[in-house]
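Only one chain is shown below, in structure tokens, and it's the form predicted alone.
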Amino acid sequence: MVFVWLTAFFLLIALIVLVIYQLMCLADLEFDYINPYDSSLRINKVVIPEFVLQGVLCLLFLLSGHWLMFLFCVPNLYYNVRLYRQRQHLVDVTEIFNQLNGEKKRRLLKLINLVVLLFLSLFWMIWSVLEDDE
């Protein structure tokens, strides 16, 4: 059981790092430290790995029987799948300045969701370690 929580912890850390990286690229673009092409290229490189990691995390919770954590994970996964199916998952170079505030808000909401999942995962990991000791 501890293995599942430890794996979830590292997956969540990787997801948080990817989302923070995207937010930093958007902030650099907003303050004109980077041009739109480079910012879009950097963000688009990490979008698919983020989606895959989110899917693996949800699958891990589903297969291990942690239904509550799976239910917390599903909205983010659904949003990612919807973006991918509508082909809106990549940042457009020509529209990035017009969509800057919306993109930052979406990634901040993802970050908040992931941080809540991280704290819940830490709680359950500590709980399962203490339970195994008894």
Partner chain sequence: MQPMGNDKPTNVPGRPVSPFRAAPQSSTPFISSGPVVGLEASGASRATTPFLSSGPGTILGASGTPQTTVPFLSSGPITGTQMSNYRSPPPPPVRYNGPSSPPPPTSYPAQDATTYQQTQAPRFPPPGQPVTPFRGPVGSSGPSPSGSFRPQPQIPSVPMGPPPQTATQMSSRSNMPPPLSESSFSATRPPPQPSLQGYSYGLPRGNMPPASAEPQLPAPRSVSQPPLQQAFPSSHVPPVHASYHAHQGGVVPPPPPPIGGPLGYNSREQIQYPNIGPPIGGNLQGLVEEFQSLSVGSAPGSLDHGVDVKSLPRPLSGDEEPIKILETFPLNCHPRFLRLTTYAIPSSQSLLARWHLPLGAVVHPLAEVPDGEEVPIVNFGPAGIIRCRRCRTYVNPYVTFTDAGRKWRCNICSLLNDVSGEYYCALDASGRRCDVDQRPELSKGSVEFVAPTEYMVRPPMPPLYFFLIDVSVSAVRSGFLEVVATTIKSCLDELPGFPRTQIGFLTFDSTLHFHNLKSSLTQPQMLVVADLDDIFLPLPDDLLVNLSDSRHVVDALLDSLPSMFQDNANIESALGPALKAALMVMSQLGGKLLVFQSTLPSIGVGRLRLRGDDLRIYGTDKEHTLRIPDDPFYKQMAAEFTKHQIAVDVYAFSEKYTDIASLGSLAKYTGGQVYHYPSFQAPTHQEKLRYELARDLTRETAWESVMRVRCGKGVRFTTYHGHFMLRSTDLLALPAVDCDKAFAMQLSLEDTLMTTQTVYFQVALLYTSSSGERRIRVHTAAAHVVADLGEMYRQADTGAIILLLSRLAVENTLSHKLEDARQLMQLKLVKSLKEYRNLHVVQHRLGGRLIFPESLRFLPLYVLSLCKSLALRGGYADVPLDERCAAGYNMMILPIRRMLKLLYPGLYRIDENLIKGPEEFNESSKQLALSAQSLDPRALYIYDDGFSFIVWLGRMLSPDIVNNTLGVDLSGFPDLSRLALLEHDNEYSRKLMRIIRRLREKDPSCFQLCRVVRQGEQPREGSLLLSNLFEDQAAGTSGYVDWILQIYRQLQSS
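Positions refer to the first chain, counted from 1. Since this is a predicted model, take the numbers as computed values, not measurements.
What follows is about the form predicted together with the partner chain, which we do not show.
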query: The single option of 81, 93, 60, 47 touching the partner chain in the model of the complex, heavy atom within 4.5 Å; finding: 93
query: Non-hydrogen atom contact residue 87 with the partner chain in the model of the complex at 4.5 angstroms; finding: yes
query: Residue contact check: residue 67 to the partner chain in the model of the complex, 4.5 Å heavy atom; finding: no
query: Any non-hydrogen atom of residue 55 within 4.5 angstroms of the partner chain in the model of the complex; finding: no
query: Proximity to the partner chain in the model of the complex (heavy atom, within 4.5 Å), stretch among 67-75, 31-39, 102-110, 47-55; finding: 31-39
